[in-house]
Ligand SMILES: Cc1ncc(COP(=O)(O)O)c(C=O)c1O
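Just the one chain here, the form predicted on its own, laid out as structure tokens.
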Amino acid sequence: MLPARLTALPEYAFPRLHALLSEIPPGKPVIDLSIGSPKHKPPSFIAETLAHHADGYREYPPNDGTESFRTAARNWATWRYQLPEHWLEREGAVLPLNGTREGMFMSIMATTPEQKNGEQPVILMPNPFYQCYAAAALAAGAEPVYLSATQDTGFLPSLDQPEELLRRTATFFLCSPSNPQGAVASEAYWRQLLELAERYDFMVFADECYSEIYRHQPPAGVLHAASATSTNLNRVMAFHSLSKRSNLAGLRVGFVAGGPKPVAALKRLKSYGGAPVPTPSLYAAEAAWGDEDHVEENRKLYKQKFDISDRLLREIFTSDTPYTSPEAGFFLWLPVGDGEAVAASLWRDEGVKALPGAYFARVDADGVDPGKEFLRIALVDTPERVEEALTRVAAHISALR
């Protein structure tokens, strides 16, 4: 018999998509825009760095990584978020991760108390959400509470929540830039969230894996807001990844920066049930965090694809179902009426694979599924392939209206 905490897990998006499409033949040559797996080239120096340090594969790597990696991560975060010099060294800690999914899941396990103010703890998260958040909450014995992030709330969860809920809250997950909507939390939003965390004694987990793919201004981040407001950094864990920033999803290296107490708790748990990052990968990641040229080129490619999207899709939507051009990240969040039905017909007629928005969401307290009417499209392929796919998408949606 499987434990209830496992059977209560949200069904994962990609098996659901496979079940939806498996009996439907694609109508045209396939273009898969369902998975956020980057197809741009990784930096050229990565292979050379891995080869140079290949002897490191014969040894068990240190659980907290190398000092040079931690220094590179601190230096990048300090530069990127305009932190006071040496602030992260004085106030916080950095730990390498085998990708941020591992880090976020295990951090919830390491930091969630059995009770909060005498009741079952709550993990707040945006709705739609990255399914790791809910799985971690359930595994830790907490109640996941889904805060709908819709056009009315700027595609970010409202911070105006009942006091009885905030008193039970152990952690608030926020993804900014958001997956799937591409919304960005402002400095003011981060500050308000941190003020709530101080008032109601909960943690803020900032999933900032899309922070380096933006169109205009670098997105604000939780670390800057924490340093500017003198927030106790032990309330904060910021998760960063090379997967999107550097097209290194297969390297599986990220890091968490936050207060020394939660980072130490995560490190302790990882020593029992986690896997340290291989030393050659740490050196490759160190080189990637130290180079911004390839990141700028990556951003240019995504900007080109967002411009293609604006040109092809903006005019086919109406004021009732508006097209929202994302601020950052690499997803489109398209209001199509019935996301699952359109995903099936788009595959059948056009050979384009996209994800129904309902696969990322849960019905909220008002009985509404904020993802049901949407389709998520990942702009991860080449500009030419994306233009071909979006031309088909535009024609298909126009024909349905």
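Note that residue numbering follows the sequence shown and begins at 1. Note that the structure is predicted; figures quoted are calculated from it, not measured.
One more form of this protein should be noted, the form predicted in complex with the ligand, which is absent from this view; the next part is about it.
Student: Tell me, out of 104, 125, 285, 223, which residue has a non-hydrogen atom within 4.5 angstroms of the ligand in the predicted complex.
Tutor: The option sitting close enough to the partner is 104.
Student: Using a 4.5 Å cut on heavy atoms, which of 259, 99, 144, 278 is close to the ligand in the predicted complex?
Tutor: Spelling it out, the residue with a heavy atom inside the cut-off is 99.
Student: Would you check whether the ligand, in the predicted complex, lies within 4.5 angstroms of a non-hydrogen atom from each of 246, 294 and 306?
Tutor: Zero of three within 4.5 Å in the predicted complex.
Student: Decide whether residue 179 counts as a contact residue for the ligand in the predicted complex under a heavy atom distance cut-off of 4.5 Å.
Tutor: Contact check for residue 179: yes, within 4.5 Å of the ligand in the predicted complex.
Student: With a cut-off of 4.5 Å between heavy atoms, is residue 237 one of the residues that contacts the ligand in the predicted complex?
Tutor: Judged by the heavy-atom cut-off of 4.5 Å, residue 237 is well away from the ligand in the predicted complex.
Student: Taking the ligand as it sits in the predicted complex, is residue 87 near enough to touch it, meaning that at least one heavy atom pair lies within 4.5 angstroms?
Tutor: The answer is no: residue 87 has no heavy atom within 4.5 Å of the ligand.
Student: Looking at the partner-bound form in the predicted complex, is residue 210 within 4.5 Å of the ligand by any heavy atom?
Tutor: Looking in the predicted complex, residue contacts with the ligand include residue 210, since a heavy atom lies within 4.5 Å.
Student: Look at the stretches 150 to 158, 163 to 171, 267 to 275, 129 to 137 and give the one with heavy atoms within 4.5 Å of the ligand in the predicted complex.
Tutor: This holds for exactly one stretch, 129 to 137.
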